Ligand code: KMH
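Below you'll find only one chain, the form predicted on its own, shown as structure tokens.
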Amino acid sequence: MEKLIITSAITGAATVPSLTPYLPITPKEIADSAIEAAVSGASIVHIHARRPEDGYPSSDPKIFREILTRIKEHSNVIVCITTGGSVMMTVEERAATIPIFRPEMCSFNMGSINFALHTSLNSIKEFKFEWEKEYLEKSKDFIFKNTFKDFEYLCKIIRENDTKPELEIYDVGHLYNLDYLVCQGMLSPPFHLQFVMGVLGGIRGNPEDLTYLKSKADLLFGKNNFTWSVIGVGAAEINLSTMAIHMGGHVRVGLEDNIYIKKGILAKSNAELVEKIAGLAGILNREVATPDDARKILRLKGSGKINW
């Protein structure tokens, strides 16, 4: 098997600060958490930005620059910049950082879904910031918009900046969307698929769901034309990670996706979650990839061609 690529999703936009005191918010906190995750075994860090004063999701390039610069000063880790941002942003806002910074990787969401976060309200007794309650309540009516017009826009962006897309697959129809883009000549293999499982509105995080997605991708694209990774949102994180390690896939963990290190116990850092996966990889006799190993596996352009 290939060495295991561990991605750490540092802060995201779905986890609100009131859910955990350990969520990185400021640029320094986000960068330092990414650096710590890399030391613990992550070869990729997935980066969102937040307003430092209240933790609200942000697409401000100035905030991103502060995060990215600090990471680069202290680590060789691969940075995957979000183009998902938050559902409140347009695709132009979400992808504005890519032409500016020209990262090695960026996320690329492969379809529209209902993206419900309101169930988190049950876990919060007191809110730190005024925006959080309304943000979660509104998610009952959220549509995370990723249309074919949006795909065309993002394909142009990644092509112009030689940025490898991490293709976010929230449900089986998203694989068919990708197949269409391949048939139209807008994307070509080798792909890196990220199976996002457990979001309310997308596919669940059951074992048979993961094997189904992998089998469907094999049929559509051929086993040798893609690498794949899994995100288990919430309680599914560790179970699906273990499956992926055993099946030859890769793994994403982090406070964007799951705030617990085990049932009822909050993870104190992204590094702690990465360490757990690295430990599982050791038990299952799978070597963990360094950033340079991951660059070779994913065929990235290299850190010498980024713009920060």
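Position 1 is the first residue in the sequence shown; the rest follow in order. Keep in mind that this is a model prediction, so the values were computed, not measured.
Although it is not shown, the form predicted together with ligand KMH is what the next lines describe.
For the marked spot (46, 83 and 115), a heavy atom within 4.5 Å of ligand KMH in the predicted bound form is present in each of the three residues. In summary, the region of this chain contacting ligand KMH in the predicted bound form, judged by heavy atoms within 4.5 Å and restricted to 171-179, 118-126, 157-165, 191-199, corresponds to 191-199. Interface membership of residue 97, defined by any non-hydrogen atom within 4.5 Å of ligand KMH in the predicted bound form, is ruled out. Heavy atoms of residue 256 reach within 4.5 Å of ligand KMH in the predicted bound form, making it an interface residue. In this stretch, 1-22, not one residue has a heavy atom within 4.5 Å of ligand KMH in the predicted bound form; the partner itself is omitted from this view.
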